[in-house]
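Okay, here we've got a single chain as structure tokens, the form predicted on its own, with questions on binding and movement later.
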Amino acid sequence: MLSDRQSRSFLEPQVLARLAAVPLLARKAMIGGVSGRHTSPHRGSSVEFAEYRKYVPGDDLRRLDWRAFGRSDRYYIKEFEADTNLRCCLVLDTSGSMNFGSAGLTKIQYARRLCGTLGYLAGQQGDAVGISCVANGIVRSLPPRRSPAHLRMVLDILEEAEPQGETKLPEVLHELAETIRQRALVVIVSDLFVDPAALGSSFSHLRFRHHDIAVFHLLDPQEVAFNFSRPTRFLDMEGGSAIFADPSDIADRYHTALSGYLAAIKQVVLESGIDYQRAMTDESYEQVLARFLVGRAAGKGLR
């Protein structure tokens, strides 16, 4: 797989090697097909003790705790956590606004690095990886599977993704909530240029389906600073009409609207309980991913 990753501009071997030291862990119990490093809702065999329960006829006698019997004169079975793999579903926003970049990387280039690195790390630890490119609908989709050949197909889709059209992210997330068959880690990479209330509804739908949700919110520095110095023609990259304006006339209103939007997003995140990472496209994507991975490891505990 090394030769394959070296041929892709959005995969950097040095970054992959450094981030591989911290596992990608789920925050919720997963239902997988093979043994892995994630907690399962079912009981099984591992080093992690779960609980005692009373013996019932038919239980494996090898699991009886004879010390507990000696103390209580009752038969108890020791149960352990089951470890399994997870399904990692990458959701990449490919609407027109993702083609914006004031300096350095565009949002789609930054998103490719995030998705490609996470997908590769998940595949290396035995997890199933899939991808959905979304705009005003699901543009391309590949369900999660576990194999090097399948991972290469996911990376091919990432490489070929081209931003265009408007975004209907909340509607698409509702659709994915119904079509992703089993609980999964759903990683959404987008600039989230949608109504926060509609976004919150789709997050709730995904959580109702027992999915673990992680969102990378991409913002360009120019979108935050809005430091234009002369009259400018502003284009809607998702197909709307252009606006010619003097930035000095609209800067205050723009910053007020931006602050209100970010506050609404923050409220949605708090209410939904999702794993939210805001990333400026001039920030090192390695640092963003390291913060994400370490936060999950610290919250769950390395096993």
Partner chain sequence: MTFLQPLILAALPLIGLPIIIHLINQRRFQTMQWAAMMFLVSAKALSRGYSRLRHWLIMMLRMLAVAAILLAASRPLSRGWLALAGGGRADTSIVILDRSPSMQQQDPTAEDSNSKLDTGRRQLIQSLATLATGRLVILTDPEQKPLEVESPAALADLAAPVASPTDVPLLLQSAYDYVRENSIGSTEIWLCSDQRHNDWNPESGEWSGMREAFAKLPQQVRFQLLS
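Residue numbers count along the first chain shown, from 1. These numbers come from a predicted model, not from an experiment.
Beyond the structure shown, there is the form predicted together with the partner chain, which is absent from this document and is the topic of what follows.
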{"query": "Among the candidates Ala257, Val56, Ala263, Leu270, the residue which, in the predicted bound form, approaches the partner chain to within 4.5 Å (heavy atoms)", "finding": "Ala257"}
{"query": "Contact assignment for the partner chain in the predicted bound form, among Pro231, Pro148, Gly137, Gly104, heavy atom within 4.5 Å", "finding": "Pro231"}
{"query": "Contact test in the predicted bound form: Asp249 vs the partner chain, heavy atoms, 4.5 Å", "finding": "yes"}
{"query": "Proximity of Trp66 to the partner chain in the predicted bound form, heavy atoms at 4.5 Å", "finding": "no"}
{"query": "The partner chain contact at Ser97 in the predicted bound form, heavy atom, 4.5 Å", "finding": "yes"}
{"query": "4.5 Å heavy atom contact, Phe193 to the partner chain in the predicted bound form", "finding": "yes"}
{"query": "Heavy atom contact within 4.5 Å of the partner chain in the predicted bound form, the stretch among 151-159, 119-127, 199-207, 217-225", "finding": "217-225"}
